[in-house]
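One chain is shown next in structure tokens, namely the form predicted alone.
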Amino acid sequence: MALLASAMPLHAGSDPVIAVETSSTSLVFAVRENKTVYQLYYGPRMAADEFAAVPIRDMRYTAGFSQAYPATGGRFLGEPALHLRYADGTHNTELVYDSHTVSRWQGTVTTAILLKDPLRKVAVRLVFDAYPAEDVIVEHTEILNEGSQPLRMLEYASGALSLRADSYLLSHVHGSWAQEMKLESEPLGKGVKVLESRRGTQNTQCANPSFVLSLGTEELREDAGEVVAGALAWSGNYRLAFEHDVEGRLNVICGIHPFASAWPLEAGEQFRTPEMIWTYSGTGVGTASRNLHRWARRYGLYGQGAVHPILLNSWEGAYFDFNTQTLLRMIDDAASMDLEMFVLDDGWFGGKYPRNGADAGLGDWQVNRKKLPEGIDYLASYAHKKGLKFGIWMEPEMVNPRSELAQKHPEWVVRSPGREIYMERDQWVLDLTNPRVQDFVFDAFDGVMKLSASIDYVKWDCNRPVFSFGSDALDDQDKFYVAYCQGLYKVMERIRAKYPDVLIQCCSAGGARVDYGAMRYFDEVWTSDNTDALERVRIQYATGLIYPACVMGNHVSTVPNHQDGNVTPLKFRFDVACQGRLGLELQPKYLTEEELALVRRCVASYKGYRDLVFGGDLYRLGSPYGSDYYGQLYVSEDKSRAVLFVYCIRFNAMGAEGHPFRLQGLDAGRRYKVTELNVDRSCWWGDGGVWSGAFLESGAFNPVMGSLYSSAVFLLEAE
């Protein structure tokens, strides 16, 4: 348990104890005689009144403590959640308890704790939304300047959490383009560990604003041990700080990155931080993941986990080299494979500077009539006649120097006066801090949607970070990074108000914008540009620690793979891609008749179980790190159905004996018919039989996968 208590008590008296509770967990705060609010506990649910007597150590010799929202000032010397600079140049803030309220709305319990600095007329409201059924607590902070003078927020975290355990293991991800979501677990020694992004737009390309903390253990365990998982809902720069102090506490401070983000608060103004999402599990990271996934599907995702259509994307099948006939043939092929949507990717637009490569046309969102003389509506209508939905690609936050937009409005580009405007992928970043640019981006999206009434899906891309930041529209350049993200959200709010039913994918050079802030507006994310199935096993595994499968766009591509040259069997590629929204990204005309038959078979079976992938509870069977075999099981809420994916991801000479998987999450007392899909001969001796949930969890399920890239999909149905 994450209990914070020690000797040398201050008198507790009748000071309030404040409990934020879910069905299984409690987050407990207490007010002491100095009116400071301390966090006493986060763990399994307990009677909050018992914490009234818990003593608090005098802070005289400590660098930090379990304050609910530690500010720079008083005797606090640790990582602050709040750092303000006042008009007179001073920095000290001392927050004390003022009041708290509890309210309920549609099953959610909201606890708001009001803190104030009486001297400086600053108010801070800590708001906790507890979701009882999901065991998730979502925190945000509201900071109000009640004084008569302006102040400047230098650091303003979304949330703070203090934990106490014998040891702490931090699991987080890192990576780069086509190598996103590489999992790393490291013990936290004394000092401060920081996870951060300063990229401005691509906030998850090299890290992710999420983590898993394992308490009192040296390994990330799936089904045992205490775990706290967290995720910040923000698509801009972020900083997650983990301070293991001299007394053994772990103080976690999460929020917007303070780098070049000092935010002014005029008298009477208020600032609301992004949300910080917390969950606790006493039974390993598997439970923590399921908590987050359930919460996301019900509350945290724009589409609430709705099933999305199987698509064929034109990118790797055609790149920039296509015309109307190329696309019509691909639409015909998509229909013949029983897919449900065709998506026209990059290269369809541009007037004076046609988009025939990555170096021109971005910003000029008119149809390239030399390529597509019949226009977009002709293609979209044709797809609809074939029984397919139609999607289209955009990158509205960016502009090529070789474009009419860049020549007409150079002041709309992110730039630092007098310095070179650095390019990446032959493009510049449009300045979304500028309301006129926000209007342009909305109008560009609106204009593309007006090209055809048959556009059902937009792939929204963002292919570069911010360099040498600056805005002609801002008097205060400190506001740039925060204002840019706010500008993106303002655009998306307008788009969603007008186009609530259009599916929108958040793509950012692959998985560079995978966060719960973006997922408030986008239906899905593009998990990675790397479509190699072996790499995707690990990418999808790590993504699934925090984010549900229903948001992951996963594509079957050709071999050798266009990113890493790897060659994998078509079935293996399907069996990996089916753990999310399935798509194809290849040229169908090059598939053999045998391959086409397998495609149709896999697509048909996926349609029969994809509701489990999108809405089921995920049970990971092992880990793809350091293992020869790996599996994932998705179980319906009522435990009547499940779908199981198993893989051989490294050659094992002993594979002929079969590898035992313990199928968790089933009803031990029910009996399930087990059927392997998409094969004529099963890899498991018990295929087609009816077995108890207890038997399947015992390790008796041992499919034979003796070669690298062997894979299998099993459907389990209760009798």
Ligand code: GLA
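Throughout, we count residues from 1 along the sequence that is shown. Quick caveat: nothing in here was measured; it's all calculated off a predicted structure.
The protein also exists as the form predicted together with alpha-D-galactopyranose; that form is not presented, and the subsequent description refers to it.
- Proximity of residue 510 to alpha-D-galactopyranose in the predicted complex: non-hydrogen atoms within 4.5 Å are present.
- Contact check for residue 393: a non-hydrogen atom falls within 4.5 Å of alpha-D-galactopyranose in the predicted complex.
- Taking the partner from elsewhere, residue 86 is found to have every heavy atom lying beyond 4.5 Å of alpha-D-galactopyranose in the predicted complex.
- Taking non-hydrogen atoms only, residue 428 never approaches alpha-D-galactopyranose to within 4.5 angstroms in the predicted complex.
- In plain terms, the part of the chain that comes close to alpha-D-galactopyranose in the predicted complex, with a heavy atom within 4.5 Å, is 522 to 530 out of 220 to 228, 569 to 577, 522 to 530, 471 to 479.
- Proximity to alpha-D-galactopyranose in the predicted complex, defined as a heavy atom within 4.5 Å, holds among 139, 346, 515, 535 only for 346.
- With the partner removed from view, the residue among 400, 251, 197, 463 that has a non-hydrogen atom within 4.5 Å of alpha-D-galactopyranose in the predicted complex turns out to be 463.
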